[in-house]
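Quick heads-up: it's one chain on its own, the form predicted alone, in structure tokens.
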Amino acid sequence: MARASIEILDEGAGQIFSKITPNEFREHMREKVRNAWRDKRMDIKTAIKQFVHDGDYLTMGGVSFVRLSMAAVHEIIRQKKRNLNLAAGTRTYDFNLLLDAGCVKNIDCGYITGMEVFGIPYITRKRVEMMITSGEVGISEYDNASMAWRHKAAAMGIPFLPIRNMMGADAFKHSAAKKIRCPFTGEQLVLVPAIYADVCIIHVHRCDIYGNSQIEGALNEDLGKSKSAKKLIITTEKIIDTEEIRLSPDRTLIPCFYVDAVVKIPYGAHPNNMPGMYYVDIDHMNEYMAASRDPSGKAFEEYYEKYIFGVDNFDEYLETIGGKKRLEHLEDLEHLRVRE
């Protein structure tokens, strides 16, 4: 009986920026799980210095303005990490800051530079356009669902997933995907390459000292991301006892054997939303947007100096944005005790 073969019908012109193979990742995890049950607590400076290196492929948790690990982003910028490859499904403020700071070399892109309801940061948008046009920054384009499935493929331990997206979209032409004829049905499908990251950073509501993590609200791509990165940094609102974690095992979405570092940073997602804890700081977002639209660039430089380069750590940043009083107001907004 003749064997059916996979016929490649078309392929995009984009590059694959994630170079880790499934077998390489499997070998790495085999060694990593041996140290799952150790105290992984450290500060954010140590975590970024130890686990994020120039040229790494970086993916981050959260989505849009929800549960972004801004404390980690600030520290990456302060430590002047360079030539990072980024996985960008729906990324807004966090990746804009990394792009502005010159940390980025290549982007797997679903949605970047826009700030959704807040509009488009003019300076960031123009800078990225120039960097892509000049070749200073590489880009491969996908849609948001395809980016999620790329992480899922890696979490499954396979090199690609067959999907039905992008066949009628121009994004396919600028991706590294391949269009094939299915050997079983004869129908057309698109194969998207898996994303195995060097490092992933996810902000969670709570975890224990080993990294067993619980998240409230939408998960987006975080489960796939947490299972497909060589190194996983968990930043958390609070650390709780392992016995408390064990009372609700169904709520532990990221188990400790994936985790390399646990960093306690209350309000670590500010100015973004932490579901059930604090609301988006709309005033701060508007301040950022206003600075980004100053054609001279001076207001933008002042923004970064005030909130990132002019402070030593995230605690100082939180004092700069209004401290306890402002943070309590954002908590009240989230719980509908007041209105903006």
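None of the values given here were measured: they were computed from a predicted structure. In case it trips you up, residue 1 is the first one in the sequence shown, and so on.
Just so you know, the form predicted in complex with a further copy of the same chain exists too; it's not on screen, but the next bit is about it.
**Student:** When a further copy of the same chain is placed as it is in the predicted bound form, which of 98-106, 259-267, 171-179, 75-83 ends up with heavy atoms within 4.5 Å of it?
**Tutor:** Looking at the other structure, the answer is 171-179.
**Student:** Just to confirm, Ile16 within 4.5 Å of a further copy of the same chain in the predicted bound form by heavy atoms?
**Tutor:** Answer yes; at least one heavy atom of Ile16 falls within 4.5 Å of a further copy of the same chain in the predicted bound form.
**Student:** How about Pro22 - does it come within 4.5 Å of a further copy of the same chain in the predicted bound form, if we only consider non-hydrogen atoms?
**Tutor:** Result yes; Pro22 sits at the interface with a further copy of the same chain in the predicted bound form.
**Student:** Is Lys230 close enough to touch a further copy of the same chain in the predicted bound form, meaning at least one heavy atom pair within 4.5 Å?
**Tutor:** Taking the distances in the predicted bound form, the answer for Lys230 is no, it never comes within 4.5 Å of a further copy of the same chain.
**Student:** Should Glu187 be counted as a contact of a further copy of the same chain in the predicted bound form, where contact means heavy atoms within 4.5 Å?
**Tutor:** Looking in the predicted bound form, residue contacts with a further copy of the same chain include Glu187, since a heavy atom lies within 4.5 Å.
**Student:** All three of Ile8, Lys152 and Ile163 touching a further copy of the same chain in the predicted bound form at 4.5 Å, heavy atom to heavy atom?
**Tutor:** Yes, the whole candidate spot contacts a further copy of the same chain.
**Student:** Out of 243-269, which residues reach within 4.5 Å of a further copy of the same chain in the predicted bound form, heavy atoms considered?
**Tutor:** Read in sequence order, the residues that approach a further copy of the same chain (within 4.5 Å, in the predicted bound form) are Ser248, Asp250, Arg251.
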